[in-house]
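Before any questions on how it binds or moves, here is one chain, the form predicted alone, in structure tokens.
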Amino acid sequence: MKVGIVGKGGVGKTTTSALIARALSERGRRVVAVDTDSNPNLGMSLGLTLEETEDVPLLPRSLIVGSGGDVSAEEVIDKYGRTTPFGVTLISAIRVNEAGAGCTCGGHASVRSFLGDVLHDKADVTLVDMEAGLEHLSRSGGTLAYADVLLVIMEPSRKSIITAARTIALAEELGIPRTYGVGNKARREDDVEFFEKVCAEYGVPLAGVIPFDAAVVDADRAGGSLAEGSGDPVRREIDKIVDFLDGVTVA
């Protein structure tokens, strides 16, 4: 299964991506997590230090993976992947280190070709933590065109859910077969009901609602991963979302 995780800036994409990847790995799945943020932090959420995250080799922008390309997906994982403390293999696809460095379109093209060629005997789940916004769905060819499932992370606001509805429309144009919303940062007692009601209003299928938890905030402030034994309410909902994904049939 190839899963793309998208959403507006600040909704918690990277934290959610890391928690889903961890949960899948804990179930014995071979997980490859691709960080496409130009300011990559997924490695830190997967237990690497800042230095270790920055040392992950960058996927070349001009790389074409697959038949007729430069390398196979297996070679990409072996050469550019780094195993994190939670057993997830991390690939860093895009990084902006200097002003005026130019467009990152080449990096997105590399990710697209990688998703098109990723091998089942090397990864059970390939998860892509996308940068904020919708540009990756409107690029020529679409970075996530080969995704089986798209998860749109949403805050408990109508604007965030409207963005999810717009994302679904773009995903359908790209041919992504299944897109679901994931509510995040549910703090008030009526937040779950709000997500259910407004998502139904805008035609956004809901895969789950993750509660707000101070332990997640503490981990983010520390620049690390959610500590073992903390954030149980969040972990329980993440497990439900993974169960939901397990029930999704992919071609």
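From a predicted model like this one, the values you see are computed outputs, not experimental measurements. All residue numbers refer to positions in the sequence shown, first residue = 1.
The same protein also has a form predicted together with a small molecule, omitted here; what follows describes it.
The contact with the small molecule in the predicted complex, taken as any heavy atom within 4.5 Å, belongs to Pro211 out of Pro60, Gly223, Pro205, Pro211. In summary, among the residues Val192, Val217, Ala200, Leu50, the only one with a non-hydrogen atom within 4.5 Å of the small molecule in the predicted complex is Val217. Within this chain, Gly10 lines the site of the small molecule in the predicted complex, having a heavy atom no more than 4.5 Å away. Contact annotation: Thr15 falls within 4.5 Å of the small molecule in the predicted complex, judged by heavy atom distances.
Looking at Thr36, you'd find every heavy atom of it more than 4.5 angstroms from the small molecule in the predicted complex.
For the small molecule in the predicted complex, the listed stretch (144-152, 77-85, 164-172, 177-185) containing residues with heavy atoms inside 4.5 Å is 177-185.
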